[in-house]
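Next up is one chain by itself, shown in structure tokens, the form predicted on its own.
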């Protein structure tokens, strides 16, 4: 079928003088299970198929359908849209790529019975017990996405990628107070990625944290030295820095980091990477959705802004190399510049040395969501919990803690980078579309504004 569609697209592209097109044919198997306390909220197993076609003639045309019998119509619509659109953009046109890659893990999710997946979810729910725990929530999902990519350059790439994710959450109530804690596991691979999670440890840990937070104190407010744990370091780097170096925002003049390549924007010793080639991480992939091979990108190297994340269009417009960061949620979406696995590289500080260096301030742990404005360079994030640090000792437990500041101020105020890197916080990044990502880093000591979430 691919060969026939390619011939049709080539004929239409010549007729409408379109300089480039690509075709993505996708077949995705999806399983989703949700448990609320002991009640099964969702149990679904679906197969989604479809085709998405892009064409370029100074600007993009795009069309998609969930019915492969409409493939010829989709190709024609995309090419006609491109031919009728007015624009002055450019795209990168490179050598053709031919490859076939499968990443399915040791225990293929397609070969695991639905009953076994449900049993895992029920076991995870049972592990979240506690006197004050009033709500236990577990969600499991897996996907196997087979995609065939062909384009007018002669590329033909088949990829099959399996992803698995398990989240557990506990909510504690007491005396009118409510606190929630959660933990997420997963990555690119097979069922072993969640089957090997030690739920006898993590279930009581999550439930215990939710109950402990009921007794925690509110944080002080003001500017403090702050020690971020690997999870909070990851969300800071993803949200505050990562989105600002996505080259579509740079191209449109919407990023505070536009025009700053080669400038020193952080302290010596701080290196930030986005790497879709990391084995097993949730944001990993072999090729992006434009048929460009995934590539490790050093965003910041020793404090200097080295690279933006690019796709075919932004790399051509900005005069940069494409680095494989054009990603789409599905065949029905056009690729956008997106992150993959974004993290801070290790430094040489131990945790104890960093607490001693902090002396008086806050230790903040985990990600509780937030907001960032990449145009002004400001952010606000919540942490799952925090601790007061007094005279180099961790003391009072804190809850409802927020962290805010300017992106560049925080990067320039980094005082120590830990050696304990963790990139194991699988999630989804929304930018009009949802794509799987991961992030992390080591403990990071900096200065920022702290406040309460209430």
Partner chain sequence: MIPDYIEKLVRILEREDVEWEIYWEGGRVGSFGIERETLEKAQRKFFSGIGLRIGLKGKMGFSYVSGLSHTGDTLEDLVKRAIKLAEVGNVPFSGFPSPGKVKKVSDIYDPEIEEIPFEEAYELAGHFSSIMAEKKAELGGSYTLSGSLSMGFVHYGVLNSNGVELMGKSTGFSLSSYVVKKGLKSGSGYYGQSYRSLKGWEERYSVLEKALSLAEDNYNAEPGKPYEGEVFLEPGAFLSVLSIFLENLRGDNVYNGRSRFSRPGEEVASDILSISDDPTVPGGVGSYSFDGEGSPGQRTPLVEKGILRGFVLDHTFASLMGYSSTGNAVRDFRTVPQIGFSNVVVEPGDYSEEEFEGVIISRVFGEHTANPVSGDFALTVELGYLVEGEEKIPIKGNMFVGNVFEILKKAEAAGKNGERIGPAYVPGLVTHGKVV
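Positions refer to the first chain, counted from 1. Treat the numbers as computed from the prediction; the structure is a model and nothing was measured.
Only in words, not in the display: the form predicted in complex with its partner chain, which the text now covers.
Residue contact check for residue 254: one or more of its heavy atoms lie within 4.5 Å of its partner chain in the predicted complex. Not displayed here, its partner chain is approached by residue 48 to within 4.5 Å at the level of heavy atoms in the predicted complex. In the predicted complex, residue 126 stays away from its partner chain, with no heavy atom inside 4.5 Å.
Its partner chain in the predicted complex comes within 4.5 Å of a heavy atom belonging to residue 313.
Only one of 142 to 150, 370 to 378, 194 to 202, 267 to 275 lies within 4.5 Å of its partner chain in the predicted complex by heavy atoms, and it is 370 to 378. Checked against its partner chain in the predicted complex, the candidates 167, 85, 155, 159 yield a single residue with a heavy atom inside 4.5 Å, and that residue is 85.
A heavy atom within 4.5 Å of its partner chain in the predicted complex is found for one listed residue only; from 388, 415, 421, 65, this is 65. If you take 115 to 153 and check each residue for a heavy atom within 4.5 Å of its partner chain in the predicted complex, you get 115, 118, 122, 134, 135, 137, in sequence order.
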